[in-house]
Ligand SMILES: Cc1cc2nc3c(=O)[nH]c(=O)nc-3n(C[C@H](O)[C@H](O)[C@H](O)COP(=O)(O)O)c2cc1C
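Below you will find one chain, with nothing else, as structure tokens; this is the form predicted alone, and questions on how it binds or moves follow later.
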Amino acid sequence: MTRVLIAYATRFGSTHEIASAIAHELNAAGLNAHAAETSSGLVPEDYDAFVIGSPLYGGTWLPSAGMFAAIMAERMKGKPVALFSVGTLMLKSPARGQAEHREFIGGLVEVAPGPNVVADIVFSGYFDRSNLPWWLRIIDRFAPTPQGDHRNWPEIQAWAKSLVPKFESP
């Protein structure tokens, strides 16, 4: 049975919920998927495939996710890897959100060329103004982000299901 690690970083829990939904879909399809935070001492050799995700803030992932992907790249070499970002920029400008995600993924693959990236995507996230630090609340006043849960669960589930044939052992 193909063992899949969904390694994620999260600031407020939204990405954790997406990672759990991905794990659920992969498990329902017959894979052995496990979601865990990137900072929890994960061993890539224990897995056959990977999904790595993080919120995207200012064009970059949270440090623990980026570091995990870069440091573990050699240990994941040859195994299929799918990458996802979560961001609210997608709400205001889907084209800019996609471009920001693609630019980050391109830079990540350039820095850590080992992983066999078979899929990547950016999802809209959850935005709660009360979670923002004071300085981001000031910025948000000038270009307010729509409050609420903007995650598209059917899209997340469909993407997870699309990974199954890419991850299944021959």
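Remember, it's a predicted structure, so these values are computed and weren't measured experimentally. From 1 onward, residues are counted along the sequence shown.
Note that the form predicted in complex with the ligand isn't included here; everything after this is about it.
Proximity of residue 13 to the ligand in the predicted complex: non-hydrogen atoms within 4.5 Å are present. Contact check for residue 41: every heavy atom lies farther than 4.5 Å from the ligand in the predicted complex. Looking at residue 63, you'd find every heavy atom of it more than 4.5 angstroms from the ligand in the predicted complex.
The shortest heavy atom separation between residue 136 and the ligand in the predicted complex is within 4.5 Å. Stretch 50 to 58 is the contacting one of 23 to 31, 106 to 114, 50 to 58, 63 to 71, since its residues have non-hydrogen atoms within 4.5 Å of the ligand in the predicted complex.
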